[in-house]
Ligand code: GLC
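A lone chain, given as structure tokens: the form predicted on its own.
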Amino acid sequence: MNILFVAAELAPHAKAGGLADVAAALPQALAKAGHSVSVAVPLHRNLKKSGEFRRTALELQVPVAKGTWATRVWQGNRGEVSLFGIERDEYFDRPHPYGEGGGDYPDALDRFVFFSRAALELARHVEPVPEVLHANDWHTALIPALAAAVHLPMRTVFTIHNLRYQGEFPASDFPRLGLAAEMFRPETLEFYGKVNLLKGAILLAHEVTTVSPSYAREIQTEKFGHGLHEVLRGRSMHLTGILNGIDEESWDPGADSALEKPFRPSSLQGREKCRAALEAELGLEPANGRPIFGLVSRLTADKGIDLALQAAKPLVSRGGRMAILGTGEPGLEQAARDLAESLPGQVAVRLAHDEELARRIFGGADFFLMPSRTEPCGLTQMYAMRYGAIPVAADTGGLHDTVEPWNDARKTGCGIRFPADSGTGLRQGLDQALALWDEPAMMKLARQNGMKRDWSWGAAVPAYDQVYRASAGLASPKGRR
């Protein structure tokens, strides 16, 4: 099929989270499976500077609240995938895709209404003409409504990467969407007196997906539904959970230049050098015979970072060490700094977004912490297992679907799961990790099991293919996960 994939991020140059990795990898996997795939993104500052896009003669006439704006399109290619960048410097020539200091830019609604409208105009010019518009998260959630309003002869698929972020705005902002007044009603974009773009996409897209089977079930419950659980239940026959994959060529410990030494499941000697190099880089006390626990994450309560910080001192008292990388909520950043200052040589903290250091933590840590209270899919646990770090993860969302608990009797599994949103559960998980560390043969097997698992997009592509076919009425919703 001919697919236009529309997203607000694109790795590696415009990345705030996992959406950027998906936007980079999933279209490639779909193209390799025979689909014709294009990707539309805002031409963020770093994308414009990357050299990957070139300015073209194509100029879109994008309807806005007060007329139309002439908008230049830039283009690039990754393999068989065409990339389109929507230029609007006053909206996208900024340091961050969304905002600085943890919040959105004040004009977030105008930025992404414009981008969604521009993507719809772009769809008229893409060759071959798209049969499916695949929108992602609230930033592009207006696309199903816009497509329905103009009776565009294309099907819409919408993916929820994180239900918490819904694109909710005051009712007084509705005219800025450029839609007819009757679109502001409970059956479409109105939700308890406000505009809710995500709700509109859930109701108006032909098919809805999210990023793991467990998360698809969770968000239909009051606990995880962020107010939209009944809306999602109402569309359950058109809601599919498809587990994300990773680009195994990009994430390959046998050929990663960021690592001190390459290694593979069959030959782990290089990993010992990576571990020693990580100790030296972060100032962790070397060669104490005890494990390193890595944590690479946004530092937010949703990610359970407070639980990890609370568990650090007891863990250090038992010989464990911790390496933390990420940025996020100011209070948690300060708590992480304080922890590192109180435990020098035992806890190292780097408050940054540094993909190369992340790779070295994956390749040098013995265990990888993911104490998330909610985790739609998660990619870092897959990166960690690919690089030989055994996950110690909360039993929620995509972590449930990817982290198979180690079974000592059967010698199966590749990680440790514990009850989510529980300091006691995390401590139990750490107890299991330390017990596994004390059995080197079992530790090696669990490590190799994770490294050998297929984390590619191979299993996801047929599932997306069925969703696209279902959106066009060519397949039934049977077999949904």
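Bear in mind the structure is a predicted one, so any value in this text is a computation, not a measurement. Throughout, we count residues from 1 along the sequence that is shown.
The following text describes the form predicted together with this ligand, which does not appear among the structures shown.
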Report the stretch among 87 to 95, 257 to 265, 368 to 376, 407 to 415 that approaches this ligand in the model of the complex to within 4.5 Å, counting heavy atoms only. 368 to 376
Does any part of Arg298 reach within 4.5 Å of this ligand in the model of the complex? Heavy atoms only, please. yes
Can you check whether His161 is within 4.5 Å of this ligand in the model of the complex, heavy atom basis? yes
Is there a heavy atom of Ser116 lying 4.5 Å or less from a heavy atom of this ligand in the model of the complex? no
Asn244: touches this ligand in the model of the complex, heavy atom cutoff 4.5 angstroms: yes
For a quick test of understanding: in the model of the complex, does each of Leu4, Val6 and Leu120 have a heavy atom within 4.5 Å of this ligand? no
Out of Leu282, Val211, Cys274, Leu204, which one falls within 4.5 Å of this ligand in the model of the complex, going by heavy atoms? Val211
Heavy atom within 4.5 Å of this ligand in the model of the complex: which of Leu19, Ala14, Val467, Ala25 fits that? Just give me the one. Leu19
